[in-house]
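Have a look below at one chain only, the form predicted alone, in structure tokens format.
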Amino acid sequence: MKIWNRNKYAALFLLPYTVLFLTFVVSPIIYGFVISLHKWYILAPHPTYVGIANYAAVLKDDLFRIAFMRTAFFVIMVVPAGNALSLLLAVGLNQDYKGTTFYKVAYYLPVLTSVSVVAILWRWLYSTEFGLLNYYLTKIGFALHTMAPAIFSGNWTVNWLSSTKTAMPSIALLSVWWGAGGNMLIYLAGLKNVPKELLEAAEIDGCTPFQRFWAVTWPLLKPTTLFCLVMSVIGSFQVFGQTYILTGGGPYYSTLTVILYMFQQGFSQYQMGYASAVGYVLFAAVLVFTILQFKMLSVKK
């Protein structure tokens, strides 16, 4: 009876959140799947049921394939580099030095900043005419050209966002900087759980700091790494704000991502059913990648 009363009170406290979760999360997911089974031009009076025709059209869509490949390229650039940077920052800040709290806050602040603010800031940095990056590259190029004119050119200006070769790597660099602080805190929490006795024993045995990290710390960080990788892959596949604000998918579709393509289909072409099908195809792809990560990196007890 006591257990029943305790569970009853717990259910009452959970009821408001449950109602909100069902209303604003579960219901839209179900309704979105229903929409994906219809041909729905949003200005038309009624949607037409077409079954899986939208999914078949998505899989045959060359532009969707381009968007998916661009998104996968973005994930490959961002996930390893972002997690490596986060782990490096966490290891550096997991020391008993003065000022580490300041740096923790400084590195985490970009995570709290809106993507629109971050994108506008980096658009200024990437500007070809007056951007800070090109300014310093020009200075470096001029100095090297002065010292060795036969080897170095004086013009080191880069078209960061207007070249098909540099547009997506530029957005990836922005994303790594923007999200490094989030995983940094998670890695820091994982490092705090590494038993100091094991590290001290390894030090007594004559292990170098790198050997202690590789043989003791890194294996114990495997669950933390798995979590960070899974969340990073999910977040990177959903990249939208950076490409929408900085390039709009250009130049020549070089930064067209799946979510941006879905947005264009839904809110520019008004094809809500097709856009919903694009979203669920992406969901299936991310689910497969997530399962593969769990298979490869899961901790066996």
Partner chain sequence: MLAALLLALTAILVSGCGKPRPVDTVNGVTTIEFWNGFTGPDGKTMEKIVRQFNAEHKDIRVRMQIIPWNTYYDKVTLSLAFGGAPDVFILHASRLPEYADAEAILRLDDKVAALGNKVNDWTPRAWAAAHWKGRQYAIPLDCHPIGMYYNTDLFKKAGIVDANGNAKPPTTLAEFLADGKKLTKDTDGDGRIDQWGYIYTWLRTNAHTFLAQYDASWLSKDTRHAAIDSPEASQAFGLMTDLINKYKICPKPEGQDAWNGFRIGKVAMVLEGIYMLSSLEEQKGLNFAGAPCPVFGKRAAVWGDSHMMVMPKKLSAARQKAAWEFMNYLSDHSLEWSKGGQVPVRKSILATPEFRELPVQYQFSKELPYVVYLPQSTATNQVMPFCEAAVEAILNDLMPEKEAVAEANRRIDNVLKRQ
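Note that the structure is a prediction, hence the values are computed from the model and not measured. Residue numbers count along the first chain shown, from 1.
Note that the form predicted together with its partner chain isn't included here; everything after this is about it.
Using a 4.5 Å cut-off to its partner chain in the predicted bound form, each of I66, Q265 and S268 places a heavy atom inside that distance.
Taking the partner from elsewhere, W40 is found to have a heavy atom lying within 4.5 Å of its partner chain in the predicted bound form. Heavy atoms of V19 reach within 4.5 Å of its partner chain in the predicted bound form, making it an interface residue.
Contact annotation: V288 falls outside 4.5 Å of its partner chain in the predicted bound form, judged by heavy atom distances. At the 4.5 Å threshold, heavy atoms of P251 reach its partner chain in the predicted bound form. The contact residue chosen from T166, T100, S127, Q211 relative to its partner chain in the predicted bound form is S127, the criterion being a non-hydrogen atom within 4.5 angstroms. Segments offered: 119 to 127, 69 to 77, 194 to 202, 167 to 175. Contacting its partner chain in the predicted bound form at heavy atom distances within 4.5 Å is 119 to 127.
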